[in-house]
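Before any questions on how it binds or moves, here is one chain, the form predicted on its own, in structure tokens.
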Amino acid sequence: MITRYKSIFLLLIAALLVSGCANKQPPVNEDEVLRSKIAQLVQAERNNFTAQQWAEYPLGSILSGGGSRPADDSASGWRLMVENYQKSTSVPVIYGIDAVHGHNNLLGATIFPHNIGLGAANDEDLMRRIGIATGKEVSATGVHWNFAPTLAVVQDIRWGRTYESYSENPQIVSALGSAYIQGLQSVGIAATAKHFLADGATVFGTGSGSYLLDQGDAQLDEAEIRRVHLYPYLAAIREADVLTVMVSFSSINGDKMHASKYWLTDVLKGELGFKGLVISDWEAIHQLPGSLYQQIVLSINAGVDMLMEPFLWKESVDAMVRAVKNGDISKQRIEDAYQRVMYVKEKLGLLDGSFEVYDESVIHSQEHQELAREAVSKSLVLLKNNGVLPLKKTAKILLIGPGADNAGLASGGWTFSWQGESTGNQLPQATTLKQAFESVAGVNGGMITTDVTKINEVDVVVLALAENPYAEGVGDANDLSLNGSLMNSANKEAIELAKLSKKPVVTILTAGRPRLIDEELKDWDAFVMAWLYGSEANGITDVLYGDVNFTGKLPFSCPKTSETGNISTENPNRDDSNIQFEFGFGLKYE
């Protein structure tokens, strides 16, 4: 732990130390010390302050929101940006980003499958290696803190964040989340266990504003909260020693998590022994009652240590100073929060300059491409096969559907921008499904065409269906059919064409959750769930051509209808009649 001497005087005497006058320390100004400590408890978004403001308010942290990047979106451009912040303050800032499936804000980064696909792979060693690879690519840009992994145990797949969850099963979420944390932090990047607590248990229709589930209310007794939703945090804290925890927008039985002293202080910090810092989610305290002043008092007293205030960071510092002077927040609570922030900075090597920046050659390196390709192969789930798979490498294939040649759809939300890219234009490093098929067919005498007029010349139709990208509450859905909420409009025509072709049909579904396929399944000879697989589609053709066997298993129950509030295996009132494919189901080649 940083010494008390340094924690009190570091900001005040840095200039004197440089000038050689440290032996003439001025009297400590308690108000300045308090303000300096409070500034360390606030995080702003990089686009929302000026250099002059920054000099007056030396905040503890800066973040890039989804899609927020420097004008020079290269590793060196990112490093320069972070270094410029460090030059302008005595205590180094901790810079945070959402690298939720690779360093997804960075042009040219390796994009791994989203967590739902990694849950289908269910391979702890793979997760640890992905954590290491992601950490290295983040480090190469000078960034210190990753707001990942999500430890939500999603119970209703209509939620727009379902793909950020590994599984409906808490044991899988716990094992994979902890392995990822261990990998990420082993290369010096702070991980974030989020969103605390029970964000995956919200009830349909209780979401915030127009959202159906996102930021909603988990209506469960404490025993169930602990058994299912607190469970992954035990391993994240006690085994993986996660450095930070992010609080959920959601509520438990009507009580907002950002104001819950019981869960944040008594349970998380007390019972679980969490030593790191607790950060609020993006402007989440503004959903608490009252003025900004009252919201800050509620959240800080509940146990929040750092406020993610992208816009109102100045007002937040000022309000917190007033709250302490008014006696509404104790100096002891500020000191505890401050020490937790410094604990994380010390652990990362920010205070002594030992934070390691990896060489930018790690970004989308051959090693990381191969790792992502392995992850894709292991994530695929074979749900039907009438003998058409594996494909012959000499086969003539008609590839149709919106997912055929689009890396943006393959990657989903949180890819280059918050809501994702509907085209692959911002993902030049990616191998699309079409390119992956062509690379195999081209050296084996096969043929790949997207020209539907050649349908009579082919041996098989590969139907590539896809969702449109989305993130968070924007992705909440009430219709899970293949033509329903957030599905790409080109799916319908492609489905009809494949049905009328009279050719064997292999369907690949790229989506962030199971979709309804009960009516269409009879028309398909094979059906593969590919999730949101990212930048390395060669992992799909490795399996479809039989070089690698299927090993993936469904991490979520697959429904027959869109009423999915009670289909999880963790639900004591599970509706077994609404199950198309069971949790854990997955075929393989004999």
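Being a predicted model, the structure only gives us computed values, none of them experimental. The numbering used is simple: start at 1 and walk along the sequence shown.
One more form of this protein exists, namely the form predicted in complex with a small molecule; it is left out here, but the text below deals with it.
The small molecule is not drawn, but in the predicted bound form it has no heavy atom within 4.5 Å of E309. Though the partner is left out of this view, Y163 does not reach within 4.5 Å of the small molecule in the predicted bound form, counting heavy atoms only. Contact check for W414: a heavy atom falls within 4.5 Å of the small molecule in the predicted bound form. At the 4.5 Å threshold, heavy atoms of W282 reach the small molecule in the predicted bound form. Three-residue candidate spot L63, K194 and E472; every residue lies within 4.5 angstroms of the small molecule in the predicted bound form by at least one non-hydrogen atom. Checked against the small molecule in the predicted bound form, the candidates F147, W78, Y338, Y95 yield a single residue with a heavy atom inside 4.5 Å, and that residue is F147. Distance criterion of 4.5 Å from any heavy atom to the small molecule in the predicted bound form singles out M246 from the list M246, A372, A436, L482. Stretch 194-202 is the contacting one of 222-230, 194-202, 108-116, 438-446, since its residues have non-hydrogen atoms within 4.5 Å of the small molecule in the predicted bound form.
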